[in-house]
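Encoded as structure tokens, the following chain is the form predicted alone, with no partner shown.
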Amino acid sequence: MKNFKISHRTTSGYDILELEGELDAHTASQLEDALRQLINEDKANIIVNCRELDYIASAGLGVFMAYIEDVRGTGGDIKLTNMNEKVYSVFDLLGFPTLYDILEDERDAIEKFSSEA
């Protein structure tokens, strides 16, 4: 099993979670904890950078589904960026591009947040 790691940083006032490794049933709770912590801190504009995400299973997708309404309920959003083709195909297969903004990179996500303000 590959390791999974989440790094958090702030850029231009936006919270960015960087995912690295494999997001599956064993590691999904880490993403859940990270999103819950941001929501509890009233952080509403969240960018999830998937550049180093190698794999995502249904458990990982379920975490995104579980928290998107909470974030949107506070007037924010979760925007996903920098997906490799393999990870994007999983999101695409399940229709996530109609539910989430999946953007090329963080700069695009920040511009999208700014245009929505």
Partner chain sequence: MKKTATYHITVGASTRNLSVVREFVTEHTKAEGFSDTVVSDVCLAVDEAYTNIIKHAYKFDPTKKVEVDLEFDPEKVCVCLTDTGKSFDKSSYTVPDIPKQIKNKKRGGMGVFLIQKLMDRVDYKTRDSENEIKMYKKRETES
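Residue numbers count along the first chain shown, from 1. Since the structure is predicted, the reported quantities are computational estimates derived from the model, not experimental observations.
What comes next is about the form predicted in complex with the partner chain, which is not displayed.
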{"item": "Contact check for 5, 16 and 38 against the partner chain in the model of the complex, heavy atom at 4.5 Å", "value": "no"}
{"item": "Residue contact check: residue 51 to the partner chain in the model of the complex, 4.5 Å heavy atom", "value": "no"}
{"item": "Contact flag, residue 84 vs the partner chain in the model of the complex, heavy atom cut 4.5 Å", "value": "no"}
{"item": "Contact flag, residue 88 vs the partner chain in the model of the complex, heavy atom cut 4.5 Å", "value": "no"}
{"item": "Contact of residue 57 with the partner chain in the model of the complex (heavy atom, 4.5 Å)", "value": "yes"}
{"item": "Neighbours of the partner chain in the model of the complex among 80-102 [non-hydrogen atom within 4.5 angstroms]", "value": "86, 90, 93, 94, 96, 99, 100"}
